[in-house]
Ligand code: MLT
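Only one chain is given next, in structure tokens, and it is the form predicted alone.
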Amino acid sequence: MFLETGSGRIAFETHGDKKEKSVLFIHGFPFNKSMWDEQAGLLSGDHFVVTFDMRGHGESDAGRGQYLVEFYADDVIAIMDHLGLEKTCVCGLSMGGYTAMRAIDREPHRFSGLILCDTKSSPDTNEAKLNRANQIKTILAGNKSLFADGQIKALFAPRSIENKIPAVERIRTIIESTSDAALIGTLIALSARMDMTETLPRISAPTLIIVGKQDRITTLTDAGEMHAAIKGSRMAVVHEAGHLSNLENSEEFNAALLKFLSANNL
């Protein structure tokens, strides 16, 4: 299914009965909605689940390739409006977490719960910005496969690279199939994102923070700082997982997800 917006089509999928409580999943960079397939299947029996491809990813239009996290938050609200969701629990991983934090700060009354996975509230450091600049140079030089190699090494825990070969190859394929314009536009958007740290104490919705124990991109320390700042939040550490905790150790990830939804009647 597609939602027509002023910047192009946004691809989305729904699972389950719309009469049930809803959960909206937001993927990370540079992936697409399929990264949530297992969780969508898990919840669809008693939830209305929404997944979508962010601008330039998956089946969504790349548009002009000029993005900001603010625009991603616009798309979340637009999809909710299109589906008639007055309120939903939102779950975002990495870039999806940045987007979820921005959306809930803009319209807190629209969100019944918040799940932040392998993400952080702080903006890029200068070192991180320079790293993104070098990644853009790599893509512009026609070396997308080299960019994908670097992403795989950073995203997955070393053991996952050895033992989760189908997941690793699936992510590699997604990265290499994403257009250069979308990759570059998203890297710029991530580099320019806001510092959301000061907004965390304003979050009143039940919140779960999930982090892979071996995540080197958004670390245990980053997760702990968000946990301390969001009153009443819960934190779950997923063992044997890096930045893609829902794919690397879905058993622990899913257990934390289900426990949180059940405990908060979400």
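Being a predicted model, the structure only gives us computed values, none of them experimental. Don't overthink the numbering: it's just position in the shown sequence, from 1.
Keep in mind that the form predicted together with this ligand is missing from the display, and what follows is about it.
The contact with this ligand in the model of the complex, taken as any heavy atom within 4.5 Å, belongs to R132 out of R132, R102, K144, R110.
Checking I171, M196, L190, I79 against this ligand in the model of the complex, a heavy atom within 4.5 Å turns up for just one residue: L190. Heavy atoms within 4.5 Å of this ligand in the model of the complex map, among the stretches 177-185, 163-171, 67-75, 91-99, onto 91-99 alone. Of the heavy atoms in F48, none are within 4.5 Å of this ligand in the model of the complex. Within this chain, F52 is remote from the site of this ligand in the model of the complex, having no heavy atom within 4.5 Å. In the model of the complex, this ligand sits within 4.5 Å of a heavy atom belonging to G28. Among residues of the shown chain, M235 is not one whose heavy atoms approach this ligand to within 4.5 Å in the model of the complex. Of all the residues from 233-266, the single one having a non-hydrogen atom no more than 4.5 Å from this ligand in the model of the complex is H243.
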